[in-house]
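Before any questions on how it binds or moves, here is one chain, the form predicted on its own, in structure tokens.
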């Protein structure tokens, strides 16, 4: 594989990872959604590039799905949900910015230490793609854990799924049906989350998880 192919693929995966840190850093809902849309857009570019260097046309479909659904349709839908529910734009978090970023760097280090030793027999590009993908998955999980707002947690869940797609496109021979099933599962989950958003907002007049715990008497 020419060096330029390797460098561009590695750069796109690294940008997806950097945008995971942007998701962790942001405290405003609109900024979180914009960071997620940017991450999905770079993921689409990464899928298209992998389709080119692997000569795998089905990855262009993956790129089109990521661009149309995750970079455009879902962010627009989340903006409309926020406007329609008129919820607070700032997201409370369980940890401060400093501890959150330290935890994120620790998870990336853990991913590298876990993936590289067990993938010694595959190509360097696949090894690094898998390490980057696992890092994105863990940072998405950390985003879900540290956010106290339901919409912030949903964005963390979809960022986690971006990591799974990044892993799928980095492995040669991965069938399209796997990527389609993952994308379909995320769309179904997003629709279900949307229905719950409206029901929770209508019932409790908030999407803040601390306020919901107070309603249940779990906090004094």
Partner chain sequence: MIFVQALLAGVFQVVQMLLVLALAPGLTGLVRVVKARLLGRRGPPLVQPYRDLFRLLRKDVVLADNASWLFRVTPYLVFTAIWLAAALVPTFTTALALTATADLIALVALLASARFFLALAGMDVGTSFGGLGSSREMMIAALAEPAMLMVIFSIAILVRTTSLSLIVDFMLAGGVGLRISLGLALISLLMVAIAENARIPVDNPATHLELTMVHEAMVLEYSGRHLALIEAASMLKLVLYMALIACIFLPWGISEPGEGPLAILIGLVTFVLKLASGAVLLALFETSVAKMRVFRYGEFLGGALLLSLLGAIFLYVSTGL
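Residue numbers count along the first chain shown, from 1. Because the structure is a prediction, the values reported are computed rather than measured.
The protein also exists as the form predicted together with the partner chain; that form is not presented, and the subsequent description refers to it.
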| item | value |
| --- | --- |
| Contact of residue 127 with the partner chain in the predicted complex (heavy atom, 4.5 Å) | yes |
| Touches the partner chain in the predicted complex: residue 114 (any heavy atom, 4.5 Å) | no |
| Contact flag, residue 105 vs the partner chain in the predicted complex, heavy atom cut 4.5 Å | yes |
| 4.5 Å heavy atom contact, residue 94 to the partner chain in the predicted complex | no |
| Check all three, 14, 17 and 109, heavy atom within 4.5 Å of the partner chain in the predicted complex | yes |
| Heavy atom contact within 4.5 Å of the partner chain in the predicted complex, the stretch among 22-30, 54-62, 38-46, 147-155 | 22-30 |
| In the predicted complex, residues of 158-172 near the partner chain [heavy atom within 4.5 Å] | none |
